[in-house]
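In structure tokens, the next block holds one chain alone, the form predicted alone.
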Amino acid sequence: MTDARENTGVPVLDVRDLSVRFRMRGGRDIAAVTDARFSVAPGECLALVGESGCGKSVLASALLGLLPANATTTGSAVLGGDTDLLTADERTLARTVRGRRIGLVPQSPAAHLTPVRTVRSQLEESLRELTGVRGSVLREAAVVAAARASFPDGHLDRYPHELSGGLAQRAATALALIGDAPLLLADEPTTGLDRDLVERTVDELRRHTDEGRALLIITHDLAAAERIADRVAVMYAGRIVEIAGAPRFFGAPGPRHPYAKGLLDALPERDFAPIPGMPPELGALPDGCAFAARCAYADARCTGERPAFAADLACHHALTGRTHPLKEAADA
């Protein structure tokens, strides 16, 4: 697996202090994303993981300029060193960014496929627009594009409503890979796929990065993340709480944030121990650490003071290997 962290060039994507707020009826604000900071280098895959509702997909929508009108963004998200995605106008995003500089594998593929056109016609249109392929070779190019996402050519002349959820996901992935955009943003790209297709899909996405492009994959599938990622960013209650190299995160010494460790411990092949409790409402976050109410190691500082994100971690009491300093002290 490529160690893209050694790359010293300009990041494909550099996000600094990205926050998203939704203004709700009655004047209430919901902090969907708060002060997100990360970068993705050429040839690197960063996996953004966390429970449903933690803000992962909102962050993706912010990068693509696809947030609703009641959303406000602050911070920066610079693409290729020259385009701030948060301040770019819709014309720039539509004509030069989406599909060309950022390929999207959407979380809800059926909503992104044109319902009155076959999969083949949509692939051919994208090939014409993004690669310039025309004429007699276009039909075969569509078959090749479909094969990259394991979409069967016998289904190319079907309409989106005739596809299963898994086939729709593969069609959307095939469309996203056309043009080989410098950054691929994959939002839950393995939804509806069996394990064999999950592995084939993430392997194809991995090949996208191994050729020097970048991948930001948003997923709850930690097995897929382990298979594909160079680094892992863990999100909880709208905040990134840890970023770690994948070998360290999934192996030894393991995650440093108790929530990240809880995610791994909940896997069937590990401890199969669920994290107790529920995440807080994003519109009513506590003053201290948002995970404190669910954390076995929380103390008064955790409940009263929100930890800053420093050295790729937001935790007052970082785990050391598979244990925790507070637990070690209690056991002594």
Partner chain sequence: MLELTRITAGYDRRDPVVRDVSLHVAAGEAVGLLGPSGCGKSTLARVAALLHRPDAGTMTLDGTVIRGWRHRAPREQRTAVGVVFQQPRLSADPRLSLRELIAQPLRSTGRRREVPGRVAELAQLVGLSEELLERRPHAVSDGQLQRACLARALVLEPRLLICDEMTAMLDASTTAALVAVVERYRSESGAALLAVGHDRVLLERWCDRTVRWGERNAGPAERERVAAG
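Residue numbers count along the first chain shown, from 1. Computed from a prediction, not measured in an experiment: that's the story for all the values here.
A second form of this protein, the form predicted in complex with the partner chain, is not displayed here; the remarks below concern that form.
For the candidate spot formed by L167, A176 and D210, no residue has a non-hydrogen atom within 4.5 angstroms of the partner chain in the predicted complex. Only one listed stretch (120 to 128, 140 to 148, 154 to 162, 214 to 222) carries heavy atoms within 4.5 Å of the partner chain in the predicted complex, and that stretch is 214 to 222.
Between the partner chain and the residues D271, D299, E305, D35, the one pair within 4.5 Å by heavy atoms in the predicted complex involves D271. Site annotation in the predicted complex: the residue of L285, L263, C295, L63 reaching within 4.5 Å of the partner chain with a heavy atom is L263. Taking the partner from elsewhere, G27 is found to have every heavy atom lying beyond 4.5 Å of the partner chain in the predicted complex. In the predicted complex, the partner chain sits beyond 4.5 Å of every heavy atom of R134. The partner chain in the predicted complex is not approached by R91, whose heavy atoms all lie more than 4.5 angstroms from it.
Taking the partner from elsewhere, L193 is found to have a heavy atom lying within 4.5 Å of the partner chain in the predicted complex. Applying a 4.5 Å heavy atom cutoff to the partner chain in the predicted complex picks out A273, P274, I275, G277, M278, E281 from 273 to 291, in order along the sequence. Cα of S108 to Cα of A71: at least 3 Å longer in the predicted complex than in the shown structure.
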